[in-house]
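This document starts with one chain, in the form predicted alone, laid out as structure tokens.
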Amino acid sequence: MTSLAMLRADERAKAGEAFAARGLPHRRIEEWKYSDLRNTIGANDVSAAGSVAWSLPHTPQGLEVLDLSQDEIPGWARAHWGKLRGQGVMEDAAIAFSTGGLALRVPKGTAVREPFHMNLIAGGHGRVLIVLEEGASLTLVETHDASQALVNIEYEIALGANATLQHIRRMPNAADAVRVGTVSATLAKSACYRGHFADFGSKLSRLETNLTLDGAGAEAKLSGVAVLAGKTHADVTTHIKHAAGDTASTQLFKLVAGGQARGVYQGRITVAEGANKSDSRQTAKGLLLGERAEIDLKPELEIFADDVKCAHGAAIGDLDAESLFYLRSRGIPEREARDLLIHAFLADAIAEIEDEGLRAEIWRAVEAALVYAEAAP
């Protein structure tokens, strides 16, 4: 066993220095041009935010959960600790200012049958390490009920060969909160990461995912919805790197914005040199329910290999007038007709959730959010 205090001390100091030197990200930084964090919260608020707290109602059989605030950590956690993360400034902040975190491990060949629920109940900074060994599988359901000023969490995920992680993240409306998350994952041969992100807005909400498909047969499937009202903001920014050939990725995001809300999707696909037979698809669509609402979509492709299949598409609009007229002409009241069209718009993204119960839970949250999104500003 290795002392966690010894392991973290140098890392925290370096991360704190990096955060102080770089400062909060802002609109002049390309990746943050739609989500000006510096204009939303101060650096002193970031350093004083403290650490997050989770509620873990039940640990299913086959899953090992480790509290990283304890003094000792086992070898499997030490082997991955701090080695999977990206280079983002908010990751530096999470490392510098959090005092602990959670580590999850599913041993080789173990299929965890029950979903594991993590409910955030207190804001601040946090770190989550997830290790799925060869052939392991897990469904992680994450809900953020905390409404504190700042939540900033760094996730490091290692998926071994043939491992499968389904990660469902639900972010209820928290109009006064700033919520930032950074997911960095490495996928070995034939591993699969399925992420579904449902965001209902906050003062500023941003999730960044950096996935590296590092072995043949690795697959990433990302989907999500945002239903926004008032002056809320939600940003999902993705970067999937096809580092090996014969890898696949799909992305499907649907955003609905009413009032003065703003929804953002930025998706970048990089196909590395030699990563032949990579297959990548990304689709993002936005639906505006008000004249003062805004949606920004920015798909990107960087291809350094020849034998690949890559495509992207983006579209923003309002409800189709002809479809609405058709439903009204059949005697359907306007509000009900609008709801039917919005549900049809979101349906294929939510259908990506395999578990029927979890899918129904997201639909209930969507229906509640639509009441406010369709209301007058």
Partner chain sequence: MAAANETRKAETKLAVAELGEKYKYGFVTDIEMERAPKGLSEDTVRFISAKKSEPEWMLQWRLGAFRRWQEMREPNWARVHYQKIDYQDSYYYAAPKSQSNKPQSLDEIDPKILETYKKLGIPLHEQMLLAGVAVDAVFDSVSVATTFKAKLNEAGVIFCPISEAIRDHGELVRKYLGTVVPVTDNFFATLNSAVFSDGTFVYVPKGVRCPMELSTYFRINAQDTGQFERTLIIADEGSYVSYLEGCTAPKRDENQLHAAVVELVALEGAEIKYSTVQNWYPGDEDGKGGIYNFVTKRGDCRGNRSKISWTQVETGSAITWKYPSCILRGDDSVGEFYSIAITNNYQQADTGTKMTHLGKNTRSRIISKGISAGRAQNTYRGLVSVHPRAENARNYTQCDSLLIGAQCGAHTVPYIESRNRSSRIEHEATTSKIAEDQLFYCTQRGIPAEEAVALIVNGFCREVLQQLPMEFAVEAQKLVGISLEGSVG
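Values in this document were obtained by computation on a predicted structure and should not be read as measured data. Residue numbers count along the first chain shown, from 1.
Not pictured, yet referred to below: the form predicted together with its partner chain.
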Contact between residue 290 and its partner chain in the predicted bound form at 4.5 Å, heavy atoms? yes
Would residue 297 count as touching its partner chain in the predicted bound form under a 4.5 Å heavy atom rule? yes
Find out whether any non-hydrogen atom of residue 313 is located within 4.5 angstroms of its partner chain in the predicted bound form, and reply yes or no. yes
Does residue 320 reach its partner chain in the predicted bound form, with heavy atoms at most 4.5 Å apart? yes
Tell me which stretch of 63 to 71, 305 to 313, 326 to 334, 345 to 353 has a heavy atom within 4.5 angstroms of its partner chain in the predicted bound form. 305 to 313
Heavy atom of each of 30, 273 and 301 within 4.5 Å of its partner chain in the predicted bound form: yes
